[in-house]
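Here's a solo chain for you in structure tokens, the form predicted alone.
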Amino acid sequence: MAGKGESAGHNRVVSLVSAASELIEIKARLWNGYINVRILLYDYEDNESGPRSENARENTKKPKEFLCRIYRFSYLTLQLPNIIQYFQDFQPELAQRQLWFEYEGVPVKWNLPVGFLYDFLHLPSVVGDIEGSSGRSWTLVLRTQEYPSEYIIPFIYKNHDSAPDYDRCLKEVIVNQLKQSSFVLNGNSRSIMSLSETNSAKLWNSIKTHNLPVYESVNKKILPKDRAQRLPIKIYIPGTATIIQAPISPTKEDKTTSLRDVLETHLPHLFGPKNGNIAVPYIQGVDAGSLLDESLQTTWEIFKHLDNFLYIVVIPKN
């Protein structure tokens, strides 16, 4: 996986998942997992006519690059102030533009967690050599023109200087996601809607500053006090348009629901007794094959993202 701190921590997560006393330690390791990211900025954006001169064509081969570590639980837009500050010497007008990221020709959805994006977009290409890929950077291209609004959410809010207000846009997205997950968990969204202004500010600041204790102190006010009515789950298959957003009951007919139950129900062509398991589920970068028969409630509690959704990436075997 990308980042030594992340890889080492995740190997231990799987071995500790059954020990309830280690839950705090596991969450801390997941919380501090990161992706090494390499951001490239070309002097000239590609367009239909190509760069304007031979000199410009040469410059496109030599992009400026910015190296950073981004937490799996974080979001790309939270890195934009640092990225803009670094690249502004090369492109002074950068702060005024609506920026977006691209991976191998695919626009990257900034509204989704970085860890999930890595697993969905990049992990399939290194899944046969995960240990060997540890420490390698995930390379993204920063784009400044032709924002692909048909593929990714545009930044609709502006600051006083007419620059995109990335923080306000992301905050709105996260709150909307929390409303959705709260409705699934509680049967309504009252817990998130009734947060005080102080707690709402604490929640947002804890996400921006990557503060686990503060985040959990507020998030517990959103989560069910007892058992969840249903669990908010999202399942993705790389290279396809398949997205399964399924509210799952933690129990069925007095039997605890497992990850295997969910995958066999929603992806019977990839999992189940008829075809065998011809795909591998990944959660937070971890091969979750060993978690197939664990309680889905426990898996959700440990691996859920900041929006309280559990993201599962299913990669078919070769």
Partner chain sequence: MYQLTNEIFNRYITDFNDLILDNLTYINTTSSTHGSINVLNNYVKSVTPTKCICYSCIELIAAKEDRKYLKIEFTISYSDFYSVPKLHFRMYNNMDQLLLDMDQWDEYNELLGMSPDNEEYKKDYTFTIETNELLNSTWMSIHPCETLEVVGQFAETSIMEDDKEKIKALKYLSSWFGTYGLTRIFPRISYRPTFSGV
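Residue numbers count along the first chain shown, from 1. What you see is a predicted model, and the numbers here were worked out from it, not measured in a lab.
We do not show the form predicted together with its partner chain, though everything after this point is about it.
*Asks:* Would you classify Trp300 as touching its partner chain in the model of the complex, given a 4.5 Å non-hydrogen atom cut-off?
*Replies:* Trp300: no contact with its partner chain in the model of the complex.
*Asks:* Is Arg227 close enough to its partner chain in the model of the complex to count, meaning some heavy atom within 4.5 Å?
*Replies:* Arg227 lies outside the contact set for its partner chain.
*Asks:* Heavy atom to heavy atom, is Ser206 within 4.5 Å of its partner chain in the model of the complex?
*Replies:* Outside the cut-off, so no.
*Asks:* Within 4.5 Å, heavy atoms only: does His210 come near its partner chain in the model of the complex?
*Replies:* So His210 does not count as contacting its partner chain.
*Asks:* I need to confirm a contact call. Of Leu195, Ala95, Val127, Ile152, which residue comes within 4.5 Å of its partner chain in the model of the complex, counting heavy atoms only?
*Replies:* When its partner chain is considered in the model of the complex, the option within 4.5 Å is Ile152.
*Asks:* In the model of the complex, which of the listed residues (Lys202, Lys171, Lys221, Lys234) lies with a heavy atom within 4.5 Å of its partner chain?
*Replies:* The option sitting close enough to the partner is Lys234.
*Asks:* Kindly indicate whether Ser249, Lys255 and Asn308 are, all three, within 4.5 angstroms of its partner chain in the model of the complex, using heavy atoms.
*Replies:* Looking in the model of the complex, the three residues Ser249, Lys255 and Asn308 all stay beyond 4.5 Å of its partner chain (heavy atoms).
*Asks:* Specify the contacting stretch among 212 to 220, 87 to 95, 108 to 116, 138 to 146, defined as having any heavy atom within 4.5 Å of its partner chain in the model of the complex.
*Replies:* That would be 108 to 116.
*Asks:* Can you tell me which bits of 165 to 201 touch its partner chain in the model of the complex, meaning any heavy atom within 4.5 Å?
*Replies:* If the 4.5 Å heavy-atom criterion is applied to its partner chain in the model of the complex, 165 to 201 yields Asn176, Lys179, Gln180, Phe183, Val184, Ser189, Arg190, Met193.
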